[in-house]
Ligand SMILES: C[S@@+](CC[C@H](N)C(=O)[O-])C[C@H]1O[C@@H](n2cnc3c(N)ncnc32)[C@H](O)[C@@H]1O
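The data below hold one chain only, encoded as C-alpha cells and taken in the form predicted alone.
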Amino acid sequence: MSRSIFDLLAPIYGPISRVIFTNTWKNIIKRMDLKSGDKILDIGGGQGQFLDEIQKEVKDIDVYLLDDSKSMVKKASLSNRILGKACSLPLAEDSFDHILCIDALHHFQNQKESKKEMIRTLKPGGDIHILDLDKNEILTKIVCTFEFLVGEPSRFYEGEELKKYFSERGFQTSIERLNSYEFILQVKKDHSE
C-alpha cells in the first residue's frame, strides 16, 4: 500500500494545522448550533484538532473523527477515531447532529458517494458544514497544481455548484464566502426526513 502525502505529513501536521486553521475553526463554530449531547462527525479530519477546539467550547458532546490516513488517525487524541473512507462510512444511518468536512472534500476520490454518505448518516434536523477552496480562484489553482505534483490529485468545486447538489435533493442550503478564495456551505436536513 502506498503512503499518501498525509501519512508523510503526519509528524508535523498538528502544529501546522493549528496555525493555519484556528481562526477558521472558530469562525465555523460560531455558525454551528452546538448543544450538550450533540454527536459530531469530522470527515477527513486529520488528527482531530478541530474536534478538540469544539470540545473546548461545548462540554458533554460526542465527537468522532474519520480519516483514511492511518498515520493521521493514530496521532489523534480522541477516543472515537475511525480509519476509513468518506465514500463508505462504517456508521449507521441518521447518526450525527453535525457533520464537518473542512478543507477535505477535494481530496476524496469518490466525491459523489462521499456526499451521499454525509446525507445518509445525518440525523433529521442535523447539519453539514463543508469548507473548501473555490476552484476559480488563483490560490486554489496553485494548491491544485502543487497537490497534483506530490501525488494527491484534487477536484475542487465552485461553492454554488456544491450548493446546487444539496439543494436539488431538498436540503436547506446557504453559502458564505469567508474570504476571496474560501467558502463554507451549510446544509440543513429537514426534521421530517
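Computed from a predicted model, the values in this text were never measured in an experiment. Residues carry their position along the shown sequence, with the first being 1.
Same protein, other form: the form predicted together with the ligand, not shown, and the subject of what follows.
Taking any heavy atom pair closer than or equal to 4.5 Å as contact, tell me whether residue 75 reaches the ligand in the model of the complex.
No, residue 75 stays farther than 4.5 Å from the ligand in the model of the complex.
At the 4.5 Å heavy atom threshold, is residue 66 in contact with the ligand in the model of the complex?
Residue 66: contacts the ligand in the model of the complex.
Flag residue 183 as yes or no: does it have a non-hydrogen atom within 4.5 angstroms of any non-hydrogen atom of the ligand in the model of the complex?
Residue 183 lies outside the contact set for the ligand.
Although the ligand is absent from this view, report whether residue 159 comes within 4.5 Å of it in the model of the complex, heavy atoms only.
No.
At 4.5 Å between heavy atoms, only one of the stretches 136-144, 45-53, 164-172, 30-38 reaches the ligand in the model of the complex; which one is it?
Result of the contact check: 45-53.
Partner contacts for 79-100, taking the ligand in the model of the complex and a 4.5 Å heavy atom cut-off:
In sequence order, 84, 85, 86 come within 4.5 Å of the partner.
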